[in-house]
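Alright, two takes on the same chain below, each alone as structure tokens: structure 1 and structure 2.
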Structure 1
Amino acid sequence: MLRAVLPHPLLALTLVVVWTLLFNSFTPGTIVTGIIVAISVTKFTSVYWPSDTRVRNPREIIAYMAVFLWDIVLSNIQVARLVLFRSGDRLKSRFVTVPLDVTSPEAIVALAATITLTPGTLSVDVAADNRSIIVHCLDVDDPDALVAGIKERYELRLKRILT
């Protein structure tokens, strides 16, 4: 019964929170409007969701977000140093292929988004067979270490979160 009205409850909750934060108002009207928007969006977009991915370990999301936010802070500092103190011709910018162990489309999208949102890296393309992501790195000395870091810090955690 609940799935008929609210096909994606976690998405709906996220939409209500984002709606409320965007309006910066915790009034009953804002919250009710956010609930209406969340129900409408999840109901009308549910036909476009390819599978019913389940979150296996919700507590792992907190650990994932902590690692991700910490990496954003560190990456911002590293990119600022590169921009301020190193000339462009000394950057070791390159494309790196990251092989994937995750198979669900949601996990692949989450990983690609995480890579793109971390300063200094950008997800450029996902292979047609969904087995690798091409990542552009602003400055990387050891591409193998970068791949290992992405797989250990992000992909492994996403495998534990999403089925």
Structure 2
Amino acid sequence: MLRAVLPHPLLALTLVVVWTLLFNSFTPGTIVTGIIVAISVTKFTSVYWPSDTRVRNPREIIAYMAVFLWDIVLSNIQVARLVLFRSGDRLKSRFVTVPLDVTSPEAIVALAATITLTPGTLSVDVAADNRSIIVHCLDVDDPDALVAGIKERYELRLKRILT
């Protein structure tokens, strides 16, 4: 019953939040209009969203976001130090392949975005069979430790959140 009216509850909730932020006010009128827009948009575009992503542990998302934001700050201090005090030719830049354990497209997108925004790494491409991400590192001494760090720090957490 609920699924018939609201095919994608999470998408609808995001739309309501973005609508109220866009209007810059929390009056009842804005929120009601937002709910109407969200329901009609999710209903009319549900053809284009075939897969149904389930979020398993909402509490883990907050922990993930905290780790993620903290790492963004750390990564920026590290990159700033590299840029300011190291000449560009002495950076050991190279490509690293990170094998993937997560399989759903949503989890791969989230992991790739996380890799891009965190310490000295930039996801360049996903392999054709969706089993590994090619990552470019700004300055790395031990590629294996870096891969292990990404898998342990982000992928394990993501696996608990997205199926």
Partner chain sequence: MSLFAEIVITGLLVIGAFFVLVGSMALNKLPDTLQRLHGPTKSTTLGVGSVLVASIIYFNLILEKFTIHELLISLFLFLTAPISAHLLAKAYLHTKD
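We call the rigid core the largest set of C-alpha positions that still match within 1.5 Å between the two forms. These numbers were taken from a predicted model, which means no experiment stands behind them. All residue numbers here refer to structure 1's sequence, counted from 1.
Of the two forms shown, the one predicted in complex with the partner chain is structure 2, not structure 1. After superposition on the rigid core, the Cα atom of residue 99 is displaced by less than 2 Å between structure 1 and structure 2. After superposition on the rigid core, the Cα of residue 65 moves by less than 2 Å between structure 1 and structure 2. Once both forms are fitted on their rigid core, the CA atom of residue 38 lies 2 Å or more apart between structure 1 and structure 2. Taking the core as reference, the Cα of residue 11 moves 2.9 angstrom between structure 1 and structure 2.
Once the rigid core is matched between structure 1 and structure 2, the CA atom of residue 29 is found 6.2 Å away.
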